[in-house]
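Okay, so here's just one chain, in structure tokens, the form predicted alone.
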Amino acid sequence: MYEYLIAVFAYIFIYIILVVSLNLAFGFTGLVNLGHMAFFGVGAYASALLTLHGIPWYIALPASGLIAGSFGAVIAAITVRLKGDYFQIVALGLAFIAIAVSRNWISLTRGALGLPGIPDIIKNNFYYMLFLFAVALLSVVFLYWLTNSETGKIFQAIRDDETAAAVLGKNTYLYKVLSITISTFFAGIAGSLFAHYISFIDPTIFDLEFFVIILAMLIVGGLASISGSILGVTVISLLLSAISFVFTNISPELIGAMRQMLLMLILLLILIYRPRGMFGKVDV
């Protein structure tokens, strides 16, 4: 039970980084990046490959964020001029491209066999959980500062009325690229931490079902709210963990179905009764 609780909180801290970073683009800037998990996976693969080739983790960790952020900047520079549904479709396409690359570039990723034996950052799970807490705290503090800074206010102005922001002399294109770059940087950091925690990754890291869980955490907590993201991650993670714990002892084959049913029920209730989530500042 002790080890199980450590694992639950370790995942919570990783997901907090991932969800808060998604909220920066989605909630604060109005960019619905449905390909966010692609950058999470890029960070995971980058860190895994670097450390498996002898690069120390303390270099691989920030490098994975920089690699994911660089990809995010390039893709954002090409796509953010697209409006609404067009941007979302292109962003979603990134996830499918990432899945295809990870499955078929066998010489690099080993395809469906995945990458085993990823080196631990800290071998003791309890101390690694504390390390994850520290990284999550630093990420949240930085993103909270950013969203309350002048840059963050411009992000929100773009979300609310991009034309008005442009009329006031703000280069909305560059600010949107910046938002996606920072968002994907932290997604890469979360992916790196995830890879070193489970010591194995394969193409399922890009799975859309995983993204649905992350999106549910964001919606439940609320858009444009850092504290809402933290609460959404915690509530959903604890509920899903409780289901896994209970049904493992009763009927393990029902775990997946029960988790999906619970997620859909929670999302339905939130969208009907609290369209802004628990602490959201804008509607979904």
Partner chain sequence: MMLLLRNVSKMQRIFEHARKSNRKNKNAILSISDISKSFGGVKAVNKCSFEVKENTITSLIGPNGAGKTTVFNIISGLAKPDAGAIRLEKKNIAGMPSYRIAQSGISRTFQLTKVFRNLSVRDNMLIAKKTNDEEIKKVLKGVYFEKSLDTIASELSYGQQRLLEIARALLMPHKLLMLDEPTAGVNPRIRQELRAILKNLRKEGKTILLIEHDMEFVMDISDRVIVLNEGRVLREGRPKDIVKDKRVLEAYLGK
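Since the model is a prediction, treat every value here as computed from it, not as a measurement. Numbering follows the first chain given and starts at 1.
The discussion below concerns the form predicted together with the partner chain, not included here.
Heavy atoms within 4.5 Å of the partner chain in the model of the complex map, among the stretches 170 to 178, 134 to 142, 100 to 108, 115 to 123, onto 170 to 178 alone. Listed residues 77, 146, 92, 154 were compared with the partner chain in the model of the complex; 154 is the one with a heavy atom within 4.5 Å. Put simply, of 198, 208, 166, 82 only one has a heavy atom within 4.5 Å of the partner chain in the model of the complex, and it is 166. The closest non-hydrogen atom of residue 274 lies beyond 4.5 Å of the partner chain in the model of the complex.
When the partner chain is considered in the model of the complex, residue 282 lines it closely, a heavy atom lying within 4.5 Å.
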